[in-house]
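This document opens with one chain alone, in structure tokens, the form predicted on its own.
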Amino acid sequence: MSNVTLTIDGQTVSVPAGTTILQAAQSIGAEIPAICYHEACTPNALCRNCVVEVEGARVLVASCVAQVAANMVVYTRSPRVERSRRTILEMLASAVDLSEAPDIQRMMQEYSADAQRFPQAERREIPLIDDNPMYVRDYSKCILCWRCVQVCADDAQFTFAINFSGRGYETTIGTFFGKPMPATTCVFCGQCVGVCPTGALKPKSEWLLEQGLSIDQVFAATRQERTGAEKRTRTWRRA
């Protein structure tokens, strides 16, 4: 495969054709922040936090999906790029609980994002879902990055237990027909929990400890729930 030569932040870099701008930047140590991107998932350019400025392009480019081109000139920290990233972070903070999203919090500090910039914004207030013994779902913390959907689908597990539900501002991640998780095709592999960047998906044992239960109480509670879930699952699937 032939190489492509381009310039990133004034530095010449040569990478194989088909390389994304994000990968090319990483190869020379240039850090581009990304929220929805995860190395185990197919890039989807949803969060737009990885945008960069490409000389001659009308709009900012999502570096996680845009491929390099010969003689391309890229700026990863231009004023236009920084303003865009800062605004995206401020909009997220205005609507979503980011208290358990350390990576995003670090980005907000780096870009001097003001979490109170949009005080009139409507907060996403969604009741916590506790319907299985393995993990809880707190979609008030969900930024709709799609990572959990992807690993549950053909990026990893091929289970397809969850997907987007609703439209526009009402969009959430949910199960098909709103079924409880044990009644879906979920196999409780935990991969969705592992890739969640905000704590929207959390192990049940961790959540119970945060509620003040002792380790023995957590063990007893989850064991009882596992037994009950297995019985309900058998009943639902026979139906």
Partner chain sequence: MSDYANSAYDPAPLQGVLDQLAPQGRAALLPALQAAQALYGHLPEAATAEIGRALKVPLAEIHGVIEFYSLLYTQPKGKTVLHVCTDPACALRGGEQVLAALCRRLGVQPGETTPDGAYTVEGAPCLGLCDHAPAIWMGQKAIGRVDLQSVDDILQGRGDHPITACYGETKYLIGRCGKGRATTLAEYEADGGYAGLRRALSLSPAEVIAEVKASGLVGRGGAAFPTGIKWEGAAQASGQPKYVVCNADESEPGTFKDRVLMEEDPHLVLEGLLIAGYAIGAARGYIYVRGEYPAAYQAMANAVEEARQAGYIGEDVLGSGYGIQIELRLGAGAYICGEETALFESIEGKRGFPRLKPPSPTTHGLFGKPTVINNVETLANAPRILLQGAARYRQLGTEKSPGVKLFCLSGDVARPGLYEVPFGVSLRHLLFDLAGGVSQGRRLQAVLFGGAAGAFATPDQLDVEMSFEGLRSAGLPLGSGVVMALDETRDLRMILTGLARFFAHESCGKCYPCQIGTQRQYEILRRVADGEALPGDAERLADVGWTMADASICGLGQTAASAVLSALKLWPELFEAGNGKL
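Numbering follows the first chain given and starts at 1. Since the model is a prediction, treat every value here as computed from it, not as a measurement.
The protein also exists as the form predicted in complex with its partner chain; that form is not presented, and the subsequent description refers to it.
Contact annotation: of the candidates 32, 200, 186, 35, the single residue with a non-hydrogen atom within 4.5 angstroms of its partner chain in the predicted complex is 35.
Taking the partner from the other structure, its partner chain in the predicted complex has a heavy atom within 4.5 Å of a heavy atom of residue 163.
In the predicted complex, residue 143 approaches its partner chain with a heavy atom inside 4.5 Å. Taking non-hydrogen atoms only, residue 51 approaches its partner chain to within 4.5 angstroms in the predicted complex. Shown alone here, residue 148 lies farther than 4.5 Å from its partner chain in the predicted complex, counting heavy atoms only. Every residue in the set 43, 120 and 179 has a non-hydrogen atom no more than 4.5 Å from its partner chain in the predicted complex.
Shown alone, this chain has one stretch from 22-30, 56-64, 202-210, 186-194 that lies within 4.5 Å of its partner chain in the predicted complex by heavy atoms: 56-64. Contacts between stretch 5-20 and its partner chain, counted in the predicted complex as any heavy atom lying within 4.5 Å, involve no residue at all.
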